[in-house]
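Single chain ahead, by itself, as structure tokens, in the form predicted alone.
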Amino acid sequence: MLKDRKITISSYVKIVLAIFWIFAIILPLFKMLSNMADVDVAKIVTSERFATALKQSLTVSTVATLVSVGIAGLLSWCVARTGIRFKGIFSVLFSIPMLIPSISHGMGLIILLGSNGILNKTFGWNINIYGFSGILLGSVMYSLPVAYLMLLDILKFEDSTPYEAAEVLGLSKIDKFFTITLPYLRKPLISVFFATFTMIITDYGVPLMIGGKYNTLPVMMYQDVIGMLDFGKGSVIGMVLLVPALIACLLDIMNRDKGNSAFVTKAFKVKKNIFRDVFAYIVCGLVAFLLILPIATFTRVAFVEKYPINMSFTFKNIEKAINMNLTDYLSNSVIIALVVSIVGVVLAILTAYYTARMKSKFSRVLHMLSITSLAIPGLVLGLSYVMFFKKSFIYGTFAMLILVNTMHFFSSPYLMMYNTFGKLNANLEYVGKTLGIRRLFILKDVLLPMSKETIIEMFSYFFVNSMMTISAVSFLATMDTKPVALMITQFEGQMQLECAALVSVIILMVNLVVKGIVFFTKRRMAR
């Protein structure tokens, strides 16, 4: 009877979690797609405006992805396969662009290379950054850190044994690359490519800021929904944007499943090579400089009188932004980010425990529901929430923004915990049952203490992304619940670039503080 009761309780919890996911992800998505029933889809997709936006989105996203993945591959090789020092510092510098909204990258490029850009005026250049070239540069800056971290993780766990065998057999470096490296990287590279492509094609921050007349699908969706309240056309565009995200999600799932088999890898021993290391220093230093330069530039502009007319230093922009409710909106963002982090971590732990430690057919269903948000861009999720929750009691409240952010960013932290729980001894619960120890105590006293670093990383992921996102919340925020990141588009629309830059700097500082706390906490735990 006790056994039946335990099974009933665990099944009940799984059912409750599954129902939650259906209401939080599946039904809103179906509501958005069903909204196309009253829309002339053929007329929209065959229109010249849509065709142009689709073509331009595919073109710039493909080129930016190739450039981003190419540079990321070179950087990850420099860090993983050379003898350079300060690898940790370089990785931090490469990752800083992840801590600000994508729209801030576009703003930094405008300040540098716009019609009144600092570099254009200083060197007498006449570079036109608006349009394709601006979106390309901004998208590379925005996506490069993610591509770099993914590729670095792949290279760090590559086994050196095949290379040692190839060296004994006398294979050249070119032969090693084509017979060992390329087959090893082929499938992970496909996942990295599609993940990066999805990030770029679904982003509207960079194109909105610097795209000019070069319209892309996300910007078109944003303009039609926010400007014209055309939810039908927004749903059609949202459906199109789901396609690359769905492909990226499926590839990621396939590769994760094949990468779960445990085996011992032998780390690479980096041989001394002065020319290789000098080349690596030059590449890492140059890329770090180019990534940080726009951020440093808009940090400078945040404290000028009036860009580009009067570049004298001032703190007046802080007062101006405060008068426009900066402190209220910053408080909103911090509160939302904290609650999302706490709720997201608890939900991820609970879900991962049932899917990773209590295997069943229903667990697999729950697992698939939990990773669904990987395939839903923020703009699409936000629009689906508008349609599904519009007449509900949570619409227009903080709960609405907390829910959408939790769902938007849930899958990656959940997979962190799922993989961590999956690596821990599968017999712990059986031993505990033999000793009369309940599952709850095994989770509390054994599994969670062994997963502390993962939990901290999960909290950091939720917080940082919730602080800087503008996509999922742009359709849902009200004047009372507005996050501070949305002030960037507000100030930019009012031609107050200095205040927009100030908001970007504040978001960066908050996220750097959180990342610093996480770093020192993990370091202390390691000791």
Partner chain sequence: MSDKLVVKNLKKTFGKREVLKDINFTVKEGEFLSILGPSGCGKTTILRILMGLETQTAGEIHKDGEEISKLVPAARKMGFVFQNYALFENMTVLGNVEYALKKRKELKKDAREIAEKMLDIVGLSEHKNRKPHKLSGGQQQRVAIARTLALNPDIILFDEPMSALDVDTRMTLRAELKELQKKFGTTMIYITHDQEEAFAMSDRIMVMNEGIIHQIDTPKNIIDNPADEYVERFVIKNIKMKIDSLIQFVDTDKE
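Positions refer to the first chain, counted from 1. The structure presented is a predicted model; accordingly, all values stated were derived computationally and were not measured.
One more form of this protein, predicted together with its partner chain, exists but is not displayed; see below.
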Check your understanding: Using heavy atoms and a 4.5 Å limit, would one call Leu435 a contact residue for its partner chain in the predicted bound form?
Key -> yes
Check your understanding: With the cut-off set at 4.5 Å between non-hydrogen atoms, does Leu185 touch its partner chain in the predicted bound form?
Key -> no
Practice item. Please run the contact check for Ile96 against its partner chain in the predicted bound form: heavy atoms, 4.5 angstroms, yes or no? Key: no
Check your understanding: Using heavy atoms and a 4.5 Å limit, would one call Asn427 a contact residue for its partner chain in the predicted bound form?
Key -> yes
Exercise for review: Note which of Ile318, Val343, Val446, Leu189 lies within 4.5 Å of its partner chain in the predicted bound form, where distance is taken over heavy atoms; exactly one does.
Suggested key: Val446
Study note, to complete from the structure: Contact with its partner chain in the predicted bound form, heavy atom within 4.5 Å, among Leu155, Ile442, Ala302, Ala245 goes to Ile442
Review point. Where does its partner chain sit in the predicted bound form: which of 447-455, 137-145, 87-95, 331-339, heavy atoms within 4.5 Å?
Key: 447-455
